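Only one chain is included here, represented as structure tokens and corresponding to the form predicted on its own.
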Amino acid sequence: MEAASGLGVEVVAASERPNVLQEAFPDTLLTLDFQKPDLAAQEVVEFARSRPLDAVVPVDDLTTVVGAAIAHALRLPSNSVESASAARNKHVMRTLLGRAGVPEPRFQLFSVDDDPTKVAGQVPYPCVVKPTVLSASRGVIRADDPAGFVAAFRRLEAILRSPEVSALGGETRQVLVESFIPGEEVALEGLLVNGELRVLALFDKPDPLDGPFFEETIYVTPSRLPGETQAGIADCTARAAHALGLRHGPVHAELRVNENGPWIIEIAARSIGGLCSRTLRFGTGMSLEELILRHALGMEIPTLERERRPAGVMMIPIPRAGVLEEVRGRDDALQVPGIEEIAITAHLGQELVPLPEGWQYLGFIFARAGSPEDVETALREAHRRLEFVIRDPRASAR
């Protein structure tokens, strides 16, 4: 919204729940059923008869498919509904990547109704148990043996059977099991222009992501990997996008890199999540959101080159379940050289749920410095100075 305002672009914001101000601003607020893309597209076509639209920009996983359906109905540039759906469903993604020969984990699909004690003998170890449609590493659990697999399967089953998740539809009854891919993990932020991948940034993830859960913490760019390795990562991502049929707009890819080269873990038809995009600036200060809007609207993009200064973000993990009572040390953490901003997004009194059941973070720490190493050091030191007072609600109940 800030990027649109800066460009002088009017925005119609669509959400899946009615906005309290919708009646007062019927021309700028819409309520759509994201689980029924065709119906949502029909409603927007009717809306556009009196208020023409020039672009549709999905902003998260939940809106990629409905956004593609709306854009197709309006005959606006977008990914196809089929490609957006493939990127949204991890099993469909795996199937298409495998057909195209893109390096990826071996995988098997099961149902929440399957007996994990019987399935445990059919999977390789170590393996990763995950849902097919959730994001932010929610429900993703590593298992190293049959007993661990049964525990992981049942834990994921409980998540998928929760009312909030099961409301997302039939795909939430699926359980994907993948072979665990060792190696360094990276994230690639890119833009597809007529099917061609333009790399916007490559992030290193210096904290090992080996399980049992896969909570992401630090992203640092530019990557410290060799140039040849980075080129291989870009090529693997481009092949993955092509295999899914993605051709237009932002992509966010997660890959593992080991002695056998890069492996695609996931690729999404959207930009990086949360507030992480604040690490990226292009040209003389253009934000990632502005760049995406310019591309969607067919406006001139002065440059796709990211500013040269290394930058990074730490997604502050939730250390334990409970109620957030206080945040201490913020001013002290802001004094760390290189730290630009600390955004605490959890609010006081909020019940915190860590992975794998949860999917949120306490907040974000942003840094810029002279080298990627200095960025990483600043993020770790700022995090060390923060203290989160989390009360166990069961203690007060007793």
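The numbering used is simple: start at 1 and walk along the sequence shown. Here the structure is a predicted model, which is why all the values come from computation and not from measurement.
Only in words, not in the display: the form predicted in complex with a small molecule, which the text now covers.
Enquirer: If you check Ala73, Leu134, Ile318, Ala243 against the small molecule in the predicted complex, which one has a heavy atom within 4.5 Å?
Expert: In short, Leu134.
Enquirer: Ok, Leu209, Val199, Ala120, Leu225: which has a heavy atom sitting within 4.5 Å of the small molecule in the predicted complex?
Expert: So the residue touching the small molecule in the predicted complex, by this definition, is Leu209.
Enquirer: Might Tyr125 be said to contact the small molecule in the predicted complex, defining contact as any heavy atom within 4.5 Å?
Expert: No, no contact at 4.5 Å.
Enquirer: Does any part of Val102 reach within 4.5 Å of the small molecule in the predicted complex? Heavy atoms only, please.
Expert: It does not: once the small molecule is placed as it appears in the predicted complex, Val102 has no heavy atom within 4.5 Å of it.
Enquirer: Indicate whether the small molecule has at least one heavy atom within 4.5 Å of a heavy atom of Ser179 in the predicted complex.
Expert: Yes.
Enquirer: Quick one: is Ile233 in contact with the small molecule in the predicted complex, heavy atoms, 4.5 Å cut-off?
Expert: No, no contact at 4.5 Å.
Enquirer: Heavy atoms within 4.5 Å of the small molecule in the predicted complex: which stretch in 150-158, 137-145, 320-328, 272-280 meets that?
Expert: Among the candidates, contact is made by 137-145.
Enquirer: Taking a heavy atom within 4.5 Å as contact, would all three of Lys90, Lys205 and Glu266 count as contacting the small molecule in the predicted complex?
Expert: All of them do, each having a heavy atom within 4.5 Å of the partner.
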